[in-house]
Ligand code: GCW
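There is one chain below, alone, in structure tokens, taken in the form predicted alone.
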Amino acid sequence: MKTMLKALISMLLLACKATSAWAEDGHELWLRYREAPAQARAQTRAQTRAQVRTQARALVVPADASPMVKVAVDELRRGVTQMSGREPAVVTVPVDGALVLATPASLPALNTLGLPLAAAGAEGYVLRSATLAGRHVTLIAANGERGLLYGSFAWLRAASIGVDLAQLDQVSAPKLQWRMLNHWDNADRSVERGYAGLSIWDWPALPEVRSTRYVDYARANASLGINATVLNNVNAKAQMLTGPWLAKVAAVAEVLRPYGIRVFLSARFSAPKDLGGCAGADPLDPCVRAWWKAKADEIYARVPDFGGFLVKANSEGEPGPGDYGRSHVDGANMLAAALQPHHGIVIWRAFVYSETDASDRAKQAYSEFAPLDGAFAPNVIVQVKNGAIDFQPREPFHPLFGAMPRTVLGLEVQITKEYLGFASHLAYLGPLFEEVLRADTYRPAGATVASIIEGQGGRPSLMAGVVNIGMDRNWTGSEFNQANWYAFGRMAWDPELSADAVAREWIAQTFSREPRVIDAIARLMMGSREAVVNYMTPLGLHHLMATGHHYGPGPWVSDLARPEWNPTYYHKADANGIGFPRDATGSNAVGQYAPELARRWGDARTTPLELLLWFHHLSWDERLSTGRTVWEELVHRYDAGVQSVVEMRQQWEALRPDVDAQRHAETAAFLAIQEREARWWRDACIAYFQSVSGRPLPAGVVPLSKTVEQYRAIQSSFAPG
């Protein structure tokens, strides 16, 4: 029987090689565990095969392995078989060349090896070559089952990218307690800001039908250390909290649980009124408090490891405590009290986009939340976006970071590219994540956003990413969007990782291990976000996107009902100049930052050019440090953005021999779209700003292809997401 099984595995491996086209559609993400013949030299493939065969001849597994450890073992068997062409034996005692999965409890001999398990904590791992009972082995050691799961994926990652497995010596532990995906998925399977098809949650078929896609989703997230997921949109429907829907949630939670992923729900604040018969949803009303307590008890009876609630309140028309004259603290702490007996948490979003705005939308969250510092319950995390507006191609870090030292703040970033070209534009977001994580808040000096969210004194910590995962075969709408999911997970595990290092890991697992290919793709990726900034919103401009769908340029829009819905509100371009005055003579939003930054950013002469028009309204003719005027620099940046995309296309074309035909053709097609739309952005924005400023195009600049009236007439009907 064993001989027949080995023969079958060999046949399947050969079939995979012979029909590599189907395998190169992006579905396997970064968990491919092999390189197709077109993507690596025979020598590289042979080295990988030999190394894995030598270092993973067998898997040594605890005799009483838990479901989570069994998941880790299954993944190792899958990866080792695909990389080596030989399925490893699974045994319970060490043999030479084995991978040993062990904790001190399952293998007391670990205590004699001096392993740095204390540094691994509850979820981390140690990977180390060692001698155990006279056998040369590789240890995947941890203090518990989660560490064994993450350590197994880390070993597979090391093997996939070509690390010398014989010299392996790694210790890694997550710096954040919660590494969370936020799905903006709706009950009808549409996805707000989703560009990869329908929601992966097949609600009509649940709870009976549990798609194998959920397992692959769980594998991908576990490989990155992502340990939590919010299943539904922050613009939540109360029905998600009813019995039939909770049965569906419980089914999903059961699939995800062995992969270390806990389920959260977005909760509609008005649910006690919508569902429970209460007169309203006042958080101080005994009826409301009792309803939430009973609802929490019901949820935990169905999902014992339920994580808690994510809440969007009093923002963009969503209900909240403000409807009853109550504060964010009143609302969050009421929910926290209902969850506390079950050790659940409340994640209260600081994205407050209120009905009234006296001076500057960028100031709203700080104004509402900073005075509440220290009043939130211990099991409340205030989730703050990376910037004060709304996931723009570039924003300064949110002023709340560093301003609430007695409150647990989590960082919210957007993995889906709502404002960066949807699925069709290549924009690697690792540099954006790195930019905000490494920003110095000067509260105190050296306190970066990363160090603030990592927390102190055992308090919870969180980094959340709004995700673009759908039913498309490649999960995210395009191959390179997968890199943003990957980068989020790796940088949520360790916010100190560099975007470049993460990109290179992803490339090696997704496209090729050849150094020349990795270098070429990494250069393309690392410059891509800056290209988007330049051809969309250079020099600190922001929110120039067209109405509603946020697709395509609309700097001229000025007729919407609320001032801050209009791009003209943000750029304030007129005959005299351009930019939002947030210095001391304007809205003084700069005053919400630490004094050191307020002084630097409050003076146009010391404000970085990348943020210049975010904080200052300047004359078109003001001379900048580049030697160009504001008008000339603006046009120059738009041109530079387009030129960057032209070069990206050339770089990708040069990689044709190194990338499989299907994925190369798909990316080439998307890059063609990106160049066309970059030119559209460049021409439309320059045309509008020229019509306002009255300035001629600088000498040597390519003329515009249409008039501003023609650009204004373009409609983007049925834009996705």
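Numbers follow the displayed sequence, beginning with 1. Quick caveat, the model's predicted, so the values are computed rather than measured.
Although not depicted, the form predicted in complex with the named molecule is the subject of the following passage.
K.L.:
Counting only non-hydrogen atoms, choose the one of 449-457, 610-618, 417-425, 526-534 that falls within 4.5 Å of the named molecule in the predicted bound form.
P.N.:
Residues of 417-425 come within 4.5 Å of the partner.
K.L.:
Though only this chain appears here, would residue 235 touch the named molecule in the predicted bound form if you measure heavy atom gaps against 4.5 Å?
P.N.:
Yes, residue 235 sits close enough to the named molecule in the predicted bound form that at least one of its heavy atoms falls within 4.5 Å.
K.L.:
Could you confirm whether residue 551 comes within 4.5 Å of the named molecule in the predicted bound form, counting heavy atoms only?
P.N.:
No - in the predicted bound form, heavy atoms of residue 551 and the named molecule never come within 4.5 Å of each other.
K.L.:
Residue-level question: is residue 202 within 4.5 Å of the named molecule in the predicted bound form, judged on heavy atoms?
P.N.:
Although the named molecule is absent here, residue 202 would stay clear of it in the predicted bound form, with no heavy atoms inside 4.5 Å.
K.L.:
Heavy atom to heavy atom, is residue 285 within 4.5 Å of the named molecule in the predicted bound form?
P.N.:
Contact check for residue 285: no, nothing within 4.5 Å of the named molecule in the predicted bound form.
K.L.:
Note which of 328, 349, 295, 248 lies within 4.5 Å of the named molecule in the predicted bound form, where distance is taken over heavy atoms; exactly one does.
P.N.:
Going through each option in turn, the one that passes is 349.
K.L.:
Could you spot which one of 312, 146, 175, 273 gets a heavy atom to within 4.5 Å of the named molecule in the predicted bound form?
P.N.:
Partner contact (heavy atom, 4.5 Å) among the options: 312.
K.L.:
Considering only 181-213, what residues come within 4.5 Å of the named molecule in the predicted bound form, judged by heavy atoms?
P.N.:
Stretch hits, in order: 184, 192, 193.
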